[in-house]
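Before any questions on binding or motion, here is one chain by itself as structure tokens, the form predicted on its own.
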Amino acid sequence: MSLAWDPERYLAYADERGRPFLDLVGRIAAVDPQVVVDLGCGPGNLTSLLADRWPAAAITGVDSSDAMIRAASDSSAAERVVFHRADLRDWLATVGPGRVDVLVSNATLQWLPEHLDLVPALVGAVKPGGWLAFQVPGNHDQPSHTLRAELAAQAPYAAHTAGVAAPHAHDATTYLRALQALGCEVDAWETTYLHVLVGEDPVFTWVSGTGARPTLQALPDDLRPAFEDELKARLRRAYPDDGRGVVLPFRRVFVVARTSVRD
């Protein structure tokens, strides 16, 4: 089953989701890039910030989701960004070596279990002296993820959720060493944001737009409501609201690498 993304649900916490992107791009020191690509551009709201940063560059947003590309193409960002639907791996296979000055991937690589093996291809797509920057979640051991996995493994849900996509990422050191081995200068770090979420079942709203979405989509209509109700209850216990909002710790792993200048 292919995963169907919901741009509206994903944008429910657009400001919070956008903070890591801003911190990532802020560490890219490219001055006047000609070609900038956002791999996993989603609905395009963050890709438009690349056009603000480098207004003279040709900027492309790539995403595998039809719904996300439609939303991006219908947004104001489409006036300055070309949006293209493609699987990240297919794009890498066809882009050709050294074609991109700045290659950005925000909260996307974690959906590809083999993404560490793709690092050489990502670097290869960047021009000598160019920039590769990505960030991935580092909170997969937190209740926001583990409670979903535990519930999905129980009957009657397990028969439908076994093998569904689940995000996975490595620590900053793993990425740093992999990129150093390819001759890159690497800046890697981790940040834990403390997002204060408000509203009814805000943590469920958060995870249902990203990490929990494949599980929810895999469930049949007659089982999904009960699963959602139980997951909401478990998340409320794990993330209580004391009247001042729910605190969601949100750990992210960042990597900014400059490729070597070859003779």
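Keep in mind that this is a model prediction, so the values were computed, not measured. Residue numbers here begin at 1 and follow the sequence given.
Keep in mind that the form predicted together with a small molecule is missing from the display, and what follows is about it.
Peer 1: Which listed residue (S208, Q217, S48, S64) meets the criterion of a heavy atom within 4.5 Å of the small molecule in the model of the complex?
Peer 2: Flagged contact: S64.
Peer 1: From the list L88, A166, A172, A178, which entry has a heavy atom within 4.5 Å of the small molecule in the model of the complex?
Peer 2: None of the others qualify; the residue that does is L88.
Peer 1: My question is simply whether V36 lines the interface with the small molecule in the model of the complex - judged by any non-hydrogen atom within 4.5 Å.
Peer 2: No, V36 is distant from the partner.
Peer 1: Verify the contact flag for T161: yes if a non-hydrogen atom of it lies within 4.5 Å of a non-hydrogen atom of the small molecule in the model of the complex, no if not.
Peer 2: No, no contact at 4.5 Å.
Peer 1: Given that the partner is absent here, does M68 sit within 4.5 Å of the small molecule in the model of the complex, heavy atoms only?
Peer 2: Yes.
Peer 1: So, Y157 and the small molecule: in the model of the complex, are they within 4.5 Å at any heavy atom pair?
Peer 2: No.
Peer 1: Want to guess which of 123 to 131, 181 to 189, 149 to 157, 106 to 114 is within 4.5 Å of the small molecule in the model of the complex, heavy atoms only?
Peer 2: Looking at the other structure, the answer is 106 to 114.
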